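In structure tokens, the next block holds one chain alone, the form predicted alone.
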Amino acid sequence: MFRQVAHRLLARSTTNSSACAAAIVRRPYATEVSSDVSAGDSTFVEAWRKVAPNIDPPKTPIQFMEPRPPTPSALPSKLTVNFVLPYAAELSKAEVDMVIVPATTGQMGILPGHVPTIAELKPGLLSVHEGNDVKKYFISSGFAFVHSNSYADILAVEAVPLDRIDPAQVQKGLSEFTQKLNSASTDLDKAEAQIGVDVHSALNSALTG
């Protein structure tokens, strides 16, 4: 009896697995999606004409986007980087040798031909390498998007060139937040103090590393 029940369950599991596998459709990477936006815009324009035939249709946001660079067939020699803040663009289509970002899983090096990746960033040192020139920034947090066409988009909430940070102020801030953490009496005070300690510790590591 037990063997019959087990056989039925196993057969049902195999059937369900086969059905699920058949239903799975591979989703393309963003760089594999066609950059031709005419089809989507023509549908919008057609619908607009039906509603307001006497008014020119507005431009859609996608019309302001540049065509997506294709994925190269050979490994490129440079990595194209866009490093953007909410209030400025530190780098725009900069061709570099390598970028090292402070991912939450550890320091991550990005070279030309890197596999497509999305990485969350933590407070730490971001370095941009081009030949013998290395630009260093301290960032607060953000995300790094690495595309299959050797483009990398780095979005940070805040970023400061490392040479503009005062080591004395960092040490002072670390000492003050450490004292606040030791004397904190509520969970909120402890959380705020811990954030301050973590950020200033990362600043200190970036300056002394």
Partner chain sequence: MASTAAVPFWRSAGMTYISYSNICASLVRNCLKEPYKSEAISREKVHFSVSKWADGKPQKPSNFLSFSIVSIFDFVDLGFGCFRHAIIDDYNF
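Positions refer to the first chain, counted from 1. All figures in this text were calculated on a predicted structure; none of them were measured in a lab.
What comes next is about the form predicted together with its partner chain, which is not displayed.
A residue is said to contact a partner when one of its heavy atoms sits within 4.5 Å of a partner heavy atom; Trp48 fails this definition for its partner chain in the model of the complex, lying far away. Using a 4.5 Å cutoff between non-hydrogen atoms, Asp56 does not count as a contact of its partner chain in the model of the complex.
In the model of the complex, its partner chain lies within 4.5 Å of some heavy atom of Phe177. Shown alone here, Pro112 lies farther than 4.5 Å from its partner chain in the model of the complex, counting heavy atoms only. Annotation: in the model of the complex, residues Gln169, Glu192 and Leu203 each come within 4.5 Å of its partner chain through at least one heavy atom. Contacts of stretch 77 to 104 with its partner chain in the model of the complex, defined by any heavy atom lying within 4.5 Å, are made by Tyr87 alone.
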